[in-house]
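Presented as structure tokens, the chain that follows is alone, the form predicted alone.
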Amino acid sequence: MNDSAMTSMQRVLATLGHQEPDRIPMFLLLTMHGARELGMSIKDYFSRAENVVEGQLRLREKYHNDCIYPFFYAPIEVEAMGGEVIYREDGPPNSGRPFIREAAQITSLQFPKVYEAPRLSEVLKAIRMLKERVGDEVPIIGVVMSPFSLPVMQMGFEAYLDIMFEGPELFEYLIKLNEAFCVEWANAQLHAGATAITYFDPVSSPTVTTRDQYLQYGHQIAKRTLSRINGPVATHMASGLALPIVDEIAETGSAVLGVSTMEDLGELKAACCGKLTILGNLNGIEMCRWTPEEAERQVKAAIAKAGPGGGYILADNHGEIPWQVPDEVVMAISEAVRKWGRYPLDWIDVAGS
């Protein structure tokens, strides 16, 4: 099918303006799959910017993706700070033992400058190379971990909760350090050529913290941090709930909200209408077991609920499609979006979802 009516950038910009472009944009957030395309191990693939660049370009050509996603792996920030990364053969690299092992260490922490951290510099190199290749035809999406959520990897969840509720001075000190790092890292990616930044903030989700706790902590941190990022930002809850705090997320300055498969897209669309563009919410775990026919059914149902009127980008619910999802299923998702996602969505009026 021909997608020549609009470039991916034009399609996404229209969607962000809550208008109907030629079709619904799809963000197939594929990271490790580039290693499969190049016949490499995941560890070797992420070892060089050139591998990620080639992998992302091949994935875009293969699946007609509407974004470039030069995200390496979640713990790359704590790796730059001295943390351990554990590689797997069939999944994303994960954090090892937290590098903050005693709360008293916090006051003596010194984080490296972004441009002096070898692994972060490799990401920036990949973004620059991708920008040279794709120009303004397709959005390049950078990623940061929120200052409020990053401590889970820095010191472990239980220890983090202890200082959040019982050690306010240490909590505020760590958050201040994380905010400065987050802003520097986001702006470095934008300077390298990223179009926008995804702000992953699962600890702010009502799945993890209460609404009152979010208003006291995550909301205030996000407002301060996003105001200093020199480009558009999408807030992503990484599978967590968001509906109870939609209005507050909009107040942070975020333009897009990554939503959970546990929430109804129709309700989310109504809550976000005119305030936030929705990104989601295909179930990445279930996707591993889908047939191509089921993939098409799920895509069609999502479009029926969230597609009318623009303001919707189809994606998975977590921000990273699992390694175990077969190529044929990803291809079926792509084909279904290009089949059922073309505006006007007249088939919804005739057939419903």
Partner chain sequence: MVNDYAEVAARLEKALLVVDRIEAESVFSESGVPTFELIENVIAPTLERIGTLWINGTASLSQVYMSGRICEELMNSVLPHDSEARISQPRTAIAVLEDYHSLGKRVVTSVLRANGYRIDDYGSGISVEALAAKVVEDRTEILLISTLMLPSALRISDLRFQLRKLGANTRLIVGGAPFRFDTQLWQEVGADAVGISATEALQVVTRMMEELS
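Residue numbers count along the first chain shown, from 1. Note that the coordinates shown come from a computational prediction; the quantities given were computed from them, not determined experimentally.
Just so you know, the form predicted together with the partner chain exists too; it's not on screen, but the next bit is about it.
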item: In the predicted complex, the one of 169, 132, 90, 116 near the partner chain [non-hydrogen atom within 4.5 angstroms]; value: 90
item: Contact assignment for the partner chain in the predicted complex, among 57, 40, 285, 301, heavy atom within 4.5 Å; value: 285
item: Partner contact for residue 105 in the predicted complex: the partner chain, 4.5 angstroms, heavy atom; value: no
item: Heavy atom of residue 247 within 4.5 Å of the partner chain in the predicted complex; value: no
item: 4.5 angstroms heavy atom contact with the partner chain in the predicted complex for residue 260; value: yes
item: Interface membership of residue 324, the partner chain in the predicted complex, 4.5 Å heavy atom rule; value: yes
item: Partner-facing stretch of 266-274, 118-126, 92-100, 219-227, counted where any non-hydrogen atom is within 4.5 angstroms of the partner chain in the predicted complex; value: 92-100
item: Every residue of 80, 110 and 255 near the partner chain in the predicted complex, heavy atom within 4.5 Å; value: no
item: Sequence-ordered list of residues in 40-79 near the partner chain in the predicted complex, where near means a heavy atom within 4.5 Å; value: none
